[in-house]
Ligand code: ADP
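Just one chain is shown here, as C-alpha cells, and it is the form predicted alone.
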C-alpha cells in the first residue's frame, strides 16, 4: 500500500565497530497501518530491537528506503528525525527509561511539558493518565521505589501522554510477572484500536491472543509476516500543531534538575566553589600586581613621591593662609599638612665625620613629628634633629639606636645650603606607617627646628627664582653659575643703591655708570617682585675691601651688590605651595578632599596621578595579564573535565529526554541553567563569606587581597565571567550528547 503509515522497502542497518562491519538487519520490506497491534518475535540478536529503533527514528539506516506517511526519510537529518519522533512516536522501553529521581507525576508531566501543554492543564492531564494505568495513589512516589510492573505502567502512561499515532514497545513484559504482563498487554491492545502499536517480544505466547499480526525475524531477516486477526484500519488522527515546551517550563525543569539529585548538586557546588575562589584569588593577585606597579613609579619633579601626597596651590596664585591650612588639616582623611613643602622635594645628604653613616632624606618641621622618639629624645637646641626612618632601611648599618648622639655634616641636591655647620641626632623615630615617608628611594625624614626649616625653605625659594637685571635698556639673567650680574647682598650698601663692577663703565657711551638706574625683577612659579635701584659706586680688585668690606674674588668679578633687606624682599616668604598627606589615597577616599579643594579655590595634584611607570613595570603588567588569561583558560578546561565526569551520571536522563522528543536547544538550555544556578549559589555563598570576614565576624588572611584590591564593579565583572564559563561548559557538554543518533547516545551511556 503506497499510503501506509510506515513502509520499509529493502531497508538494511549496519554497525561499524573498530573496522568490523556487523549487520543489524538486511533487506527488510514491511508495511504498518493504524489500528494494528503488531508483535515482532525472534531469538536474541535476530535484529528485532534494531528494526524497532529504526522505525522509531532513534537509529539511522544505511540501505533502502523508509516511508513515513508516504514521505521518504533517507535524506532526513537528525533534526528531522527529532521532529518525527516528537510528532509520531511514543516509546515504551524494555528497561523503562524512566527518570528515577522523578516522581510518577513528574515523569508524566515531563512529556506533557515537551508537548507544549500549558501549566494550568498539566496537573489534570497527568492525573488522568496516571488514573488510567491505576497508579494514582503512587503519583508522588519516586519511580525508583516502584515494582517492575508499576514502572512499566508509568512508561505506558508516559507514552500515552505524547498523544502520537504510533506506540513502539521493546519487550514491554520482559521484566514483569505473569499477572502484570497480562495487564500491560491488555492495555496495549486497547490502545491499538485507535493507534498503531508495535512490540518486540521473546514470549509470543504471552501476547498471542491480543496481537493482530505476527512478524518473525531470524539473523536480520524477516522469516514470517502473518496476519492473526482482521483489523479495522483506524483513521490517522489529524496532525496537531506542534508546540514547543514553554520557557517557563524549561526554567522549572532546569531548577528541578539542579536539586533533585543531592550528591550531584553537592559535587557541582564544590567544583564551582573551588572555581570561584581560584578566579577571585587570581584576579585579586592580578589587580594587586597592577596596583603595586602603578604606585612604584617615580616623578622627575617631586622627589618625595609618596602615594599619600597631594600637592596644592591657590588657583589665583595667592598665598595660602594658615587658617586655610588648619581647615584642611581637620578634614577626615588628612593625616598631616606640610605648610611649605619645597624641602620635601630636595634631598638632604648627611654623614658622620668617619663616613660610617650615609643618610638621605627630606627635611620637615619638628611639629609634624607624631609621638615621642623611639630612641633618644626630642631636640632641645636649634642644631639638633630627629631622624625618622623604616626599621628595615637599607642604608642603616646595625641598630638605628646607635645613631643617637652622632654629629652629622651635609649638603642638599643643589650644593651646600646652610648645612656646613654640624648637626646632632637627638633621637630616632620609626615611622613605618607615616604617609610622609616616601618608600620609593629608601629615604628618611629629618625632623628639624622651625628656624632651620624657614631658612632652608627661603634658600630653596631663592634657588627656584628667576632673577633678571635691566641695565642700559638691556636684560641680563642673573644666576649663581655666572658672575656677570650675579646679585649678592652686602650690609655696606644702602637701600635703593647698588654697587657694580668698575668694568661696567666701558659698556656705556658716556664712559661711567655712576648715577644710572638699574632694575631687578624676580619671577617664580607663583609671584613676581622687583626693585628699582641707582648705581652709586663701582668696585675693583683694588678697592672692593674698602668699599664693601669683603676680599676680592675673581670668580665673582661682575657681580652686583645690594642691600640685604632689599635682596630678601625679592623672595616672597608667603606660603604658595603646600602638601597634604592623606591616610587613604584610593580614588574613593580622595574624592571628598578633591571636592573640598575645588570648592575652596585650590588646584591640586595627587602624586599617584603623576608617576612615571618604567618599562620593567609595564613588562610585568603584560606578563601578569598573559599568565592570568592562561590560568583562566586552564581553570576552564579543568572545570569542564571534572563537571563532565559528575554530569555523566545524568547522561541517561538527558538522552531519555531526547528520546522522548526533547529538542537539542531545550536540553542545552536545561544543562546550562542547571550549571548557572549552581555557579550562582557558589559565588553568592562566597560573597557572603567575604562580607562576614569584612564585617569582622571572623578573619581569614587569604581574603585580604580580595577585600583590598577588588571593587564592587570587579565582583560584578568576575561574576559575569564566571557565568560565561558556566555557560560555555554547559554548551560544550551539551554538544557531546548530540554527536550521533539518539539511540547511539543512549547505548553509549547504558
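Everything numeric here is computed off the predicted structure, so don't read it as measured data. Residue numbers count along the first chain shown, from 1.
Here the subject shifts to the form predicted in complex with ligand ADP, a form of this protein not shown in this document.
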property: is_contact(residue 33, ligand ADP) in the model of the complex, heavy atom dist at most 4.5 Å; result: no
property: 4.5 Å heavy atom contact, residue 728 and ligand ADP in the model of the complex; result: no
property: Heavy atom of residue 735 within 4.5 Å of ligand ADP in the model of the complex; result: no
property: Ligand ADP contact at residue 60 in the model of the complex, heavy atom, 4.5 Å; result: no
property: Contact segment among 682 to 690, 44 to 52, 709 to 717, 62 to 70, judged by heavy atoms lying within 4.5 Å of ligand ADP in the model of the complex; result: 44 to 52
property: Members of 6 to 45 lying within 4.5 angstroms of ligand ADP, judged by heavy atom, in the model of the complex; result: 15, 17, 22, 23, 24, 43, 44, 45
